[in-house]
Every structure is written in structure tokens, then in C-alpha cells.
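Single chain ahead, by itself, as C-alpha cells, in the form predicted on its own.
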Amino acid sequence: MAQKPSIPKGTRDFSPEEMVRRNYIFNTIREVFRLYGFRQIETPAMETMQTLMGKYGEEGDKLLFRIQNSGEKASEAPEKGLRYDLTVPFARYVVQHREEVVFPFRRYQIQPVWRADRPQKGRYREFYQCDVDIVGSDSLMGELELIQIVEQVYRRLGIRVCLHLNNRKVLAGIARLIGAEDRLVDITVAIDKLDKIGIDKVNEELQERGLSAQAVDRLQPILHLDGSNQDKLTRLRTLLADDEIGLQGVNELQEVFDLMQTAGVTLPVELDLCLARGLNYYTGAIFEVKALDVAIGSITGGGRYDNLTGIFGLSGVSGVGISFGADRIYDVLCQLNAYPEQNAEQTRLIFACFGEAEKRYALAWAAALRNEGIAVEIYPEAVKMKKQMAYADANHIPFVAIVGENEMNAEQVMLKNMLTGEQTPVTLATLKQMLS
């Protein structure tokens, strides 16, 4: 009995129609990245485990995919794994190519990543990230530009979003304020789950991770701080008045909000003190973007990392970046039914086939139309017209060109509109104009 074909859990196949939609997302994001002067690189799917381990925190390290057989003797080759994200490989790239890189280096990268996570709705083991980063500058203009990119990408995609903003320096100041300075990682990992498991479970986890009941109690009013962004900043400035690092984080947040106002950013932005982002390498501003009209997790996230390249021997290089989760964006657009009706990849016209003479006639017309950038097909065999029309209909091809002896003599085709059923004789020049 033949084995039933399947794919690993947490992965997906994509049909031609789905790929049209995915490419719409990739192309939209890529166009915005280029508007801001970012240039594309790619890195290998696999990295050495030495590169990957210890960069994502305790939780992240557990989700690394290890490669058991890399075609080399285990004793002669370093252990390898599939990349968990694009940021750590990018940091490795910057250090490895330091002689070629000119700072500030503005790069974007659109590639798949892998996580050995438990598959569930909106969470996959293989998914694409669309990353954009600036390294070699500690200017908060970087944070502003990333926020502007978020605003423009989602405006083009037609998705209403809110950007949640925080700063790891503020979180460090809060940890010191509640007497748990040595528990910053535990605090960030726990409160980062607030949306998923709720405040009671977060408080339980904080105590399980070693925070005293007193420290957890002192944290509550800070996690529930409300009011406008300015109200929160004012309150934080008072709370952290004696903490130099925490106050620096507050001032950085204030500057980012001021820059947004100067630049005319209208994107909804919320100062969210529960936003922690569990990855260890973040040191300053942290971002997450959530869709307002669809119940799904973060669809974009990132932040400032001051010394990620230092792990690879190049210290003092600050960077800031964000990552668009293409697979979640895809799901959001599907739920909103927000894809454009017409797409650039769709075949616009197919020539029906009646015989060899008609096929040769169609070949010349098809070449002329393709030279104009118009996607054209020729049905390969002289089968029944019903079958050819069914093919056009199934592939959403809007026009069928019918060629017979009369059309060839008149140097025309009979053009059928598949939506209305109307048939009209047209010349090549007219056809080019209609389909362009």
C-alpha cells in the first residue's frame, strides 16, 4: 500500500494562488524597505550552534532545530542548527565581513526561519521573516525610521495596527526599584507572556522564578500603569528618578515620541510597560505591532541591541531592527479579505488552440504582448473549446483570445471577456492597450 504523503507539523504548502498573495506581501514590504535606503543580503539556512546558542535566552535556546547529519564526520565539524531568526546571523555577517561593511549599515533580509515550537494557530515551525536593521549608529533616528516603515507597510497592506513600545532600560530600572535587580531576565520572560496567560499566571511564574512575594506586589501598580503615553512617562520619570539607567530609558522613549510628532507619524503607538520581548540581546527600545481587527499575536517586533556583534568579537556596534512576520500577516489579510482583486502575476490572456496554423499565429501575438510585460498563455493542445474555457475559468484568466481563419485573414483575434461573456474582434494594438 502506497504511503500517504504528508508534511511535518507546523509547516505549510502554498498553492500558486496563495503564492500570489504571499508575493504581494513580500513585494510591498520590499518596496518600503528600499524607500528608506536599505539593501538586501542573504545568509545560510544553517549556522553553527556556537553562533546560535546563548543569544535567545533560556526559552529560545530550547527551540533551536539541531542538524543531526550535515554530511561531515561529527568529530571534525562543529554542530549546526537551523537559524532561529535573522538578527543573530546578521550580527555574525557584519563581524565576518567587517572589512566590506560601511557603517551605518542598512540591510534588509527576507528569508525563512525555524523554531522547534509546539504548532498551533498562528504559530509555525517554519515561517518567513522580513527583517530591516541599521547597525553602526546609536541615533534614535533609527527607531523613528523603523516606526515610519511600520506605518507605511501596514497602510499599503490595508491593515489597521497599533505599535506597542517600551525600553529595556526602563525594565531594568523597574527591576532595581522592586529589589529584584538580579532577576531582570526572569521578569522579562514572565511578563512577556501577559497577553497569553494573564496576570495571575504571570505572578505565579514570577514567584516560581525566585521573586519574593513582596517584589511581585511592588511590581503590580507598574504593570497596570494607565493614562496617556505622556502620563506614563511622567509617572516613570518620578518612579525612576534615582535610577540613572532607568531614567535614560525614559528619556529615550520621550525622544522617540518627540521625533514621531515632528515627523508627522499618525500610527497609533502605545507605551506598554508589559512589553518585554524575551530575547536577551535587546538593550534599549523594544517594539511589537498588533493588528486591531484580527485576534492574533504580534505581527511585527524588534528593538535596539547595543552589543550583539560583541559576542563575535566586534564590540561597540549598536543596532536597531524590526522583523515583519509574513506568515501572520498572510493570515491577517486572509481574515480581512484585504488582498487586491487583480495581481501582477496573474495570466491576463490565454489563446485558445484550434490547430497548428492558429497556434503559429498565436505565438507571434503572444511574443508581442509579453514584450509589453503582459502575462500570456497559449493552450497547448487542440481539445474541445469547453475544456479550454474551463481551464481559463479555473485559473481566473480574464480574457480568452479565439483565433480562426477569419481572424487570421483580418489580422485580429476574437476576444472573449470571461466575466461578461462578451466577444469582440480586436487588433494587436488594441489588445496591448486594453491589457497594459
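Model, not experiment: these values are computed from the prediction. Here the rigid core means the biggest group of C-alpha atoms that line up within 1.5 Å when the two forms are laid on top of each other. Note that residue numbering follows the sequence shown and begins at 1.
Not pictured, yet referred to below: the form predicted in complex with a further copy of the same chain.
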- State the residue from 283, 318, 148, 323 whose non-hydrogen atoms include one within 4.5 Å of a further copy of the same chain in the predicted bound form. 148
- Task: Taking 4.5 Å between heavy atoms as the contact cutoff, choose which of 273, 82, 267, 178 touches a further copy of the same chain in the predicted bound form.
- Result: 82
- Message: Is residue 11 near a further copy of the same chain? Define near as a heavy atom within 4.5 Å, in the predicted bound form.
- Response: yes
- Determine whether any heavy atom of residue 262 comes within 4.5 Å of a heavy atom of a further copy of the same chain in the predicted bound form, and answer yes or no. yes
- Using 4.5 Å between non-hydrogen atoms, is residue 301 touching a further copy of the same chain in the predicted bound form? no
- Consider residue 44 of the chain shown here, and say whether it contacts a further copy of the same chain in the predicted bound form, taking contact as heavy atoms within 4.5 Å. yes
- Item | Segment that reaches a further copy of the same chain in the predicted bound form - one of 345-353, 160-168, 289-297, 184-192, heavy atoms within 4.5 Å | 345-353
- Message: Each of 39, 128 and 374 having a non-hydrogen atom within 4.5 Å of a further copy of the same chain in the predicted bound form: is that the case here?
- Response: yes
- Task: Heavy atoms within 4.5 Å of a further copy of the same chain in the predicted bound form is the criterion; list the residues of 137-158 that meet it.
- Result: 137, 138, 139, 141, 144, 145, 148
- Task: Look at residue 115 and decide if its Cα position differs by 2 Å or more between the shown form and the other one after superposing on the rigid core.
- Result: yes
- Query: Does the C-alpha of residue 23 move 2 Å or more between the shown form and the other one once the rigid core is lined up?
  - Reply: no
